[in-house]
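Single chain ahead, written as structure tokens, the form predicted alone.
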């Protein structure tokens, strides 16, 4: 019986062999031959080599030249020839022994040398000491940190806030805390370097849209929507983020927040808003671009800003809903692994907030001064003003490039140096040229503060015009 069954199976196999397509038989034949070859062939071949003598080895070692650890840098590189500041970089600044009016430091509200801020920092210094010597989770949380977080949350009218000890690390830590591999981030091409580092750490899929171009952003969002329809299962677990700045550090322009909010709800994305330049500048009470446009804070998923500009302290903060902020306490790298903010700087930031709340008119004063110098700088021969008229940090770029970035930088530096000789302190915007995703053109950055008088603003504009005409024409 068993023999009959085996014969029947054999017959079926032969019949199936006759009925199989020719290409199927050919493919099977090739696979059988390949398996036979693998079984009988050697996995590797021993390479014949001749042993070198001791003398030959020494000669080879002597001839070998290792690659340099870092690329060569010229001795006149700006990073190696920095200006030395003596005293506080407030309204007047002493640079390389020369007293100048400060148009370079981001001391927008003039609080860096404020007596009240310094007094609060001194009291805290005597109580807590200089530093913290530990992250927030390891005996690095002081009561003054909790007070500052509470004050920032109330000031920004959000549920909760979290502070970081380093401004750059704030947004660079916040982005990878939420956006992971497989998520999609739509980001403006003019985004600052801190945002770029956060995106790099997130390992997400990065989609760049043209600066402040909402049509280009919507095009990318539509393309992604079409891709999501092809694979709904993947789309359900893919998060989409839009990352922008309130006032852009690299351009001085404001983001079109109302249009961004519309796109957010239309395409179901989350908005991360970096407000280091706009916090303490825009809005009736200095709450930033949301207050400037009258946008509800609840429409923004996360707001980030540093405390190194308007608050004249160190570090940064994020604010938003409690469940969003609490997640950073578990996964924000700059929060979890860096020593916490020195208490004296937290106390200084709290006192700066007190001054901002007591004197809301300071923000309109700052904006008027910005408009004044912005208008005075129009029509400079060879230079163009880049940035909003109400931005306290804007750029002067060459109207026509020489065709060489190096030569452009030298021309602008010559203008900066001549202005310094005439007691106006300016600086060029600096970039890590090989690491920038979209390298901005060379520029002189002009920073406005409430401490600068109308006469000083006019003098600075007049000096820049005269120097630019002498250098460029």
Partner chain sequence: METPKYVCTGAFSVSSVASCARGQRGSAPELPFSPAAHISSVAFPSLQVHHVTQNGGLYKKPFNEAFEETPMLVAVLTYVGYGVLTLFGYLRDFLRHWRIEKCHHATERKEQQDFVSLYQDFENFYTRNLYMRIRDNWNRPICSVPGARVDIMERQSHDYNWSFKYTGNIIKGVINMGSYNYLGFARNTGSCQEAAAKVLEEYGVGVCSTRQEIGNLDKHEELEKLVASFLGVEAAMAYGMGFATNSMNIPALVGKGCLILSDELNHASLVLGARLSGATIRIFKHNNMQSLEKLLKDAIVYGQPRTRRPWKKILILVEGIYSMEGSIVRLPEVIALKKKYKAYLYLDEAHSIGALGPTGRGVVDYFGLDPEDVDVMMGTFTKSFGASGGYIGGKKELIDYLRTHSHSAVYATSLSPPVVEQIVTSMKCIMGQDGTTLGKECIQQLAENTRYFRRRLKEMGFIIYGNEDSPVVPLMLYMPAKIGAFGREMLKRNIGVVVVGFPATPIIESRARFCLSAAHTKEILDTALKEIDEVGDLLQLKYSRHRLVPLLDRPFDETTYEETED
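Computed from a prediction, not measured in an experiment: that's the story for all the values here. Positions refer to the first chain, counted from 1.
Form predicted together with the partner chain: not shown, discussed below.
- Among the residues 39, 52, 33, 26, the one placing a heavy atom within 4.5 Å of the partner chain in the model of the complex is 52.
- For the options 163, 393, 356, 269, the one in contact with the partner chain in the model of the complex, meaning a heavy atom within 4.5 Å, is 269.
- Remark: of stretches 233-241, 213-221, 280-288, 357-365, the one touching the partner chain in the model of the complex is 233-241 (heavy atom within 4.5 Å).
- Contact check at 4.5 Å (heavy atoms) against the partner chain in the model of the complex: all three of 79, 86 and 107 pass.
- At the 4.5 Å threshold, heavy atoms of residue 125 reach the partner chain in the model of the complex.
- Residue contact with the partner chain in the model of the complex: residue 193 places a heavy atom within 4.5 Å of it.
- The closest heavy atom approach of residue 337 to the partner chain in the model of the complex falls within 4.5 Å.
- The closest heavy atom approach of residue 321 to the partner chain in the model of the complex falls within 4.5 Å.
- Residues from 66-82 that approach the partner chain in the model of the complex with a non-hydrogen atom closer than or equal to 4.5 Å are 66, 67, 68, 69, 70, 71, 73, 77, 79, 80, 82, in the order they occur in the chain.
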